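Coming up is one lone chain in C-alpha cells, specifically the form predicted on its own.
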C-alpha cells in the first residue's frame, strides 16, 4: 500500500509538469539549458531565505510560541519575495543572453522567443519548488507507519501532492505573466503576480483544513492560467484549433520566434 501511495502521489505532483517537459522542452537543448538555469535561480533564492531563517531562529526566543509563529510568517513572506526578485533577475539575464545569441546567430530572429523563455523558466522554477516541497513527504509515504493513526487527516499525502502540482503549474503561469509584464512595463501585473504568490503561500497556513487551502489555490491557478494564456497570445479561436489539432503551429513544441 505504501508503494501505491508513493507512486500515486509522485505522479499526481509531477505528472503534468513531466508531460509538459517531454512534449515541449526535451527535444530542444536550448530550452533544457534555460529550464535548468531557472531551477538553479530558484535554488539560490531558497538558499538565501534559508540562511536568513536560520539566523533569525538562532537569535529569537525559542520558548515563545507567538514569536516562532511570527518567524514562520516572516520566513514565508521573505521566501516569496526572494523568489520573485530572482525571477526578475533571471528575466534580465535572459534578455542579455538572448541578445547575445541573436548577435551570434546568422538568422534575423531570436533563437528562442521571450514567451518561450517565460514558459521554460517558469517550469524550471516550478520543478525545483515542487521537488523541495514534496520530496520529504514522499519519502515518509513509503513507511513505516500509518497516516492518520493518531486521529490526523488521512488525506495528508494526497493533499500535499495536489498542492505541489498546483504550485508547479502556478510557477509556470506566474513566469509567463511576469515576463510579459516586464516586456510591456505593466507594473501592476508584476504586483499581481507577487501578491497572488504570497496569497497561495499563506493559504498553506490553513492546513490541515485542506479544503481551505486547496480550493482557493486551484481557483487562483485557473485564473492565472487564463491570464497566462492571454499573455501568450491565446484566444478562443486558436485554442479550438489547437484542441482539434488543426493548427499545429499553435503548439509550443512547434512554435517559432517571430
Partner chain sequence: MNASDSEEDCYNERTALVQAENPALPSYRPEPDPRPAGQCEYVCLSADQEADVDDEELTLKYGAKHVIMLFVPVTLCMVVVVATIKSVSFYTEKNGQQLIYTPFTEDTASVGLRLLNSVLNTIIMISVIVVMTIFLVVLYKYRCYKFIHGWLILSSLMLLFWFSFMYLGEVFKTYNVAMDYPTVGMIIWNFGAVGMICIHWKGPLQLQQAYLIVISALMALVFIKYLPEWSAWVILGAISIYDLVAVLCPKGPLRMLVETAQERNEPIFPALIYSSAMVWTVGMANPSAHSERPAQDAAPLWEGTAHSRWVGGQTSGAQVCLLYFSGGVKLGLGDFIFYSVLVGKAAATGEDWNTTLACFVAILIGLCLTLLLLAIFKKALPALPISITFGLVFYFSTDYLVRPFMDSLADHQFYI
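In this text the structure is predicted, and so the values were computed from the model without any measurement. Positions refer to the first chain, counted from 1.
FYI, the form predicted in complex with the partner chain isn't displayed, but the following is about it.
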Does the trio 91, 113 and 235 actually contact the partner chain in the model of the complex, every residue with a heavy atom within 4.5 Å?
no
If you check in the model of the complex, is residue 196 within 4.5 Å of the partner chain, heavy atoms only?
no
In the model of the complex, does residue 210 have a heavy atom within 4.5 Å of the partner chain?
yes
At 4.5 Å between heavy atoms, is residue 136 in contact with the partner chain in the model of the complex?
yes
Is residue 192 one of the residues lying within 4.5 Å of the partner chain in the model of the complex, judged by heavy atom distances?
no
Where, within 198-220, is there a heavy atom within 4.5 Å of the partner chain in the model of the complex? Residue list please.
201, 204, 205, 207, 210
